[in-house]
Every structure is written in structure tokens, then in C-alpha cells.
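Take a look at this single chain in C-alpha cells; it is the form predicted on its own.
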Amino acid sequence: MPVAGEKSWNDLSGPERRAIRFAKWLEPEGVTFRDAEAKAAYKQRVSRLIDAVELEKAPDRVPVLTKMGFYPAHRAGLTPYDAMNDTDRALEAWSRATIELQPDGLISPLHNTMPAKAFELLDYRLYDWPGHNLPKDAGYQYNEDEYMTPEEYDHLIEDPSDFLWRVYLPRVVGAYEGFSILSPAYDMVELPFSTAHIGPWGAPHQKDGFERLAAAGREVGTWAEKVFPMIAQMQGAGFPDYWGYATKAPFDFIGDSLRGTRGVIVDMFKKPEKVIEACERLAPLMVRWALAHTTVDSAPGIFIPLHKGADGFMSDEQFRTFYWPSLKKVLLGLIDHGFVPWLFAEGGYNSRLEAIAELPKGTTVWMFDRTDMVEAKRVIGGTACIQGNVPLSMMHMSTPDEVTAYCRELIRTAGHGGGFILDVGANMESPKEENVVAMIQAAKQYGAYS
């Protein structure tokens, strides 16, 4: 794809690629704006976010975004169960939340309106969700376990895709159980060996798995036919999307989904070299994961939730040994492709700030939960955009005046000179509406840069 004069995309540097992504974010193709006012508002919001990210100049004011779980459903009188089982009503709730609250980016329905029936059909065991082992008014919950044994590190390291398809997925998704009897895909490259791979696809129990996969695919297809036009409609109303896709830190991929918290902690002491080797092996695959779901027209942010690198989970030495090296490779890989890694640093990252400061200037956003924002501004304010961190306890329990006062002080300190996005510390589920409004209005009332 020729771009930027005679250069092809592969010949461009990371900054050049990011400039193209930002230009396409600012002037999105395929978005029909409601009117000239909505188009102007969209461009103003995107410009505001770009200025906050790049750290080259202060935006016109502090941007404000809203991390939300099922709150759009709650405020519309729906349960989380409704949100995952009635797409039409759910999308109306998310649209209303965006239009009525007026943040600087759309409130995306992607993570909380997913079709529950698809997961039921698949016998998906990694999570419970509203109405499936949980009350209908609860959010979804992860079922952590040791889905990979310590002895299987070598298989993961040698051939991650083969391990995931033939070992891991059959353990965590009922519809994939038949894949455990398949032979490696290498058998298909030579005709005399191919029958070893072809035969197991015809096993009697495979038919049920295929039918469930197809039915779940149809459910997701029907959902996607509604949710993505809704997102385009919200963009057309003036509210940009900012995350093109997501990926994970390699250590979290292992510790969350494969070995579990207990397993990976034990491995850090008993098999440290295997944990490090697996993280290194997974790092480029975490970059490719995001690339597989994005194009040059996708929103430039790549969401990365950080689960096990927080203060208190491991020492700073362990963080520097097991967590940060492979995560840094993922971040630099994404940056080289012109993306903006948008990291959710759950918990506190006060002892990790010096590591973050090693990254290139103006290339990442760090959403802080319980990190000291004044210290974050001091240490990495010249390196990265920081986002957060109005406490959820305040959003649920405080008065609007208290929320406004907290946000005003946050803007004064963390927002000094730019490079700051106002937001809550973690996903909101059922905060006071008046407190959400107070936070958003605080950015508009007190966040202007003169």
C-alpha cells in the first residue's frame, strides 16, 4: 500500500506510521457525520486526545474519558443480564450514555454487550457471566485455574499456536474438546502423512463441536451487525473511538489464562528460566495479536490491561526480571507499528514509574488506578500521558461537590502543562449519576489551558 509519497508502509518509521494513523483518526473514512457541528466536535475531541498523548503542546483543555463496565445498562434500568441478552436495548443504553454524558470519547459497548448465548453454546469455562453461575445483576467473573501444567512450558515455548489449539482450548471451551485428538498441522504438508491429521476431524463427537461453533458464530455475527453500526453512528454524532483493539503483557497471558496466579508465582521460584523464556516467546505474538485485528484505519490506541505487575504482587527486582522486559518489547513493537499502547495499570504502580520512563516520549497512555498521580506526573510526565484516577469509592459514596474538588486538584497537579486525561481509576458499575456528571463537568469547567 503506497503511502507518504514513494514510501510503502513497510518503509515508514514508527513516528511516520503513527502520524498516518492520527490523520486517519482525525478524518475517518466511512463515517457519516450527523451535521457540521458533530463533525467539528469530533475533530476537536480527537485533536484534544492527540495533543494529550503526544506531549508536544497542551490541548485546549483536559480531555475526560469514562471507563465503564455495565453502568450504561444500570442507568437505563437494565441488568447486566439484559445487556448480554438483548442487544437492541443494550445498544440504546450505551448510545444514550454517550450522548447524555458527553465525554471526549464514545462509551464503547464492545466489552459489556457481548452475546451471552454464544458463550453458552460454546460451553466457555474461563468466565461466568450474568445468568450463568452468577446473579443477573452481577458482572462477569474470571474463573482462574491452572489450565496449563508446569511440564507444558516447553510445548508452549516451542509452538504456542499448536499448544493453544490442541491442548489449552479443549480444556477451557467445551466445543473445542475434539481438537485434543488432532495431530499437528505439519502432517498436512505431505500427502502420505495427511491422513493422520484428516482422520480425527471425522470422529463422531466432532460434529457436535462444529455445530456449536457455527451456532455461536451466527450469534456473534448477528450481534456484530448491530454493534458496529452503532459505534459508527456515535462517531457520526461527534464521539471518537480510541481503541483499535487490545493485547496483553506476556506475563499476564501466562499468569491469568494458563498457569493462574498461584501457578505462576510458584513457577517464578521453581522454573524462573521457563517463565522468562515463555514471556520472550510470547512477546512478538502479543504484537501480532493486535495487528491481526486492525488496519491503518483503526483507532490508534491498543488497550492493555495490566494485572500482575502492580506494587505488592511482586518485588521491583521481580518486575524487572519477569514482567517488564517482555512487556517493554510488546510496547516498542506496537509503537513501531504506529500504535499508541493504552495501558490500564490496575492497582498501584508507584514503584514501576522509573521503568515506564524508559519508553519513547509521547507514545503511550497510562491509566492509573491507585498510583500517586503527583508522583506519576513528576517521574513520567515528560514521557507518557497519564490518565485517571478518581477513586471508585468517591464515585459511589461522595457528594458531587467532593468529586468536583478532587477533580479540580487532580487537574491542577497531574494536568499541569498537558499530558493528562481525567478519568476514574477503574471501571464504574453503579456509581451515582450526579458524580459521573460532576467529574465530566470538572474537566470542562476547570481543565482549560490558557
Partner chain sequence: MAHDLVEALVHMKEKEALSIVEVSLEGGGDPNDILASCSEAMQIVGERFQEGSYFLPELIMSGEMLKKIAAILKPHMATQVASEAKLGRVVLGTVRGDIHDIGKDIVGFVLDVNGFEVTDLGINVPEQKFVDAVRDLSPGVLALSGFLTIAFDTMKSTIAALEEAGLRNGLRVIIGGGQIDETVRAFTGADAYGADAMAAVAYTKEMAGAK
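Residue numbers count along the first chain shown, from 1. Only a predicted model underlies this, so the values are computations on that prediction, with no experimental measurement involved.
There is another form of this protein, the form predicted together with the partner chain, and it is not shown here; the text below is about that form.
The shortest heavy atom separation between L392 and the partner chain in the predicted complex is within 4.5 Å. Taking the partner from elsewhere, G312 is found to have a heavy atom lying within 4.5 Å of the partner chain in the predicted complex. When contacts are judged by a 4.5 Å heavy atom cut-off, T294 does not count as touching the partner chain in the predicted complex. Residue contact with the partner chain in the predicted complex: V266 places a heavy atom within 4.5 Å of it. For the partner chain in the predicted complex, the listed stretch (254-262, 205-213, 222-230, 178-186) containing residues with heavy atoms inside 4.5 Å is 254-262. S398 is the sole member of S398, T404, S47, T383 with a non-hydrogen atom lying within 4.5 angstroms of the partner chain in the predicted complex.
The single contact residue among E152, D336, D137, D86, judged by any heavy atom lying within 4.5 Å of the partner chain in the predicted complex, is D137. Judged against the partner chain in the predicted complex with a 4.5 angstroms heavy atom cut-off, the residues D241, T413 and Q441 are out of contact without exception. Of all the residues from 60-89, none has a non-hydrogen atom no more than 4.5 Å from the partner chain in the predicted complex.
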